[in-house]
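Starting off, we have a lone chain in the form predicted alone, written out as structure tokens.
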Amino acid sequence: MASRPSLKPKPKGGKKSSSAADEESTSATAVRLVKEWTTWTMKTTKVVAHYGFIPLIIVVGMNSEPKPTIAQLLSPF
């Protein structure tokens, strides 16, 4: 029976020192974490802006002079 070829890619290039590999993995991890936090922050900001804009306008309107009623704030006229 013939042996099966491996489907795993073989590493190319020379061997790196362990400190260079650690530094590369640390910087790669840092970049990945920054990307994850940026994505999470943008998604959260989008949700907050989406659901918080109209209530913010109502609160600002309620605290202005002259004091309108809630019906006056919500009516289009």
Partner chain sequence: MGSAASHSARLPPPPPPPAFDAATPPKPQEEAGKPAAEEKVDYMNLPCPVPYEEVQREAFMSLKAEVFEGMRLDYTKMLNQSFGLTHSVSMGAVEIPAQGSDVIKIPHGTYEFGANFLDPKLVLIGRLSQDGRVNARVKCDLTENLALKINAQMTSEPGYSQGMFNFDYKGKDYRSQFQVGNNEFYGANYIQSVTKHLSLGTEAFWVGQQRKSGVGLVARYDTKNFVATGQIATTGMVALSYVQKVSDKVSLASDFMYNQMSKDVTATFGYDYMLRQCRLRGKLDTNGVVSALLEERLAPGVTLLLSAEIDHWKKDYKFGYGVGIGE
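Fair warning: this is a prediction, and the values are worked out from it, not measured in the lab. We call the rigid core the largest set of C-alpha positions that still match within 1.5 Å between the two forms. Positions refer to the first chain, counted from 1.
Not pictured, yet referred to below: the form predicted in complex with its partner chain.
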Proximity of residue 32 to its partner chain in the model of the complex, heavy atoms at 4.5 Å: no
Against its partner chain in the model of the complex, would residue 25 count as a contact residue? Criterion: heavy atoms within 4.5 Å. no
Need the contact residues for 63-77: heavy atom within 4.5 Å of its partner chain in the model of the complex, sequence order, or none if there are none. 64, 65, 66, 68, 72, 73, 75, 76, 77
Rigid core superposed: residue 69 CA moves 2 Å or more between this form and the one not shown: yes
